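Shown here is one chain on its own, the form predicted on its own, set out as structure tokens.
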């Protein structure tokens, strides 16, 4: 799907354990302005349910697993995150819903922008209308 991509990060390690290093503008295509993480979400709950007009994100499941439903207004795709060295890039104007969280899931999110409620689209019909009319030039 356009404007999304699974990224495999390089694992370094030896007998002491493993390490994944992620560098902005090298391993991911943006400067990191915000980091947050989600944990303790029950399996049956749905998170996300929004799109961003400007923000780009990388989602990394550093413990456990979860699934992400992606929707660009024309096609839908489900990606399962379960590998600690794998991230999911989600660009602008992609509707996302996170679900099917394992008991030990910790989902880390790297964001390209500071929090700004004005650039969220939280209504799915509004998202579809924005896509249809081409209001956002990143489509």
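Everything quoted here is computed from the prediction, not taken from an experiment. Residue numbers count along the first chain shown, from 1.
The discussion below concerns the form predicted in complex with another copy of the chain, not included here.
Between the options 70, 81, 93, 110, which residue brings a heavy atom to within 4.5 Å of another copy of the chain in the predicted bound form? Only one option qualifies, and that one is 110.
Is another copy of the chain in the predicted bound form near all of 51, 57 and 99, within 4.5 Å of a heavy atom of each? No residue of the spot touches another copy of the chain in the predicted bound form.
Heavy atom to heavy atom, is residue 117 within 4.5 Å of another copy of the chain in the predicted bound form? Residue 117: no contact with another copy of the chain in the predicted bound form.
Should residue 88 be classed as touching another copy of the chain in the predicted bound form when contacts are defined as heavy atoms within 4.5 Å? Residue-level check for residue 88: no, no contact with another copy of the chain.
Is residue 47 one of the residues lying within 4.5 Å of another copy of the chain in the predicted bound form, judged by heavy atom distances? Residue-level check for residue 47: yes, a contact with another copy of the chain.
Give a yes/no on whether residue 131 approaches another copy of the chain to within 4.5 Å in the predicted bound form, heavy atoms considered. Looking in the predicted bound form, residue contacts with another copy of the chain do not include residue 131, since no heavy atom lies within 4.5 Å.
Judged by heavy atom distances of 4.5 Å or less, which residues of 60 to 81 approach another copy of the chain in the predicted bound form? Residues within 4.5 Å: 60, 62, 63.
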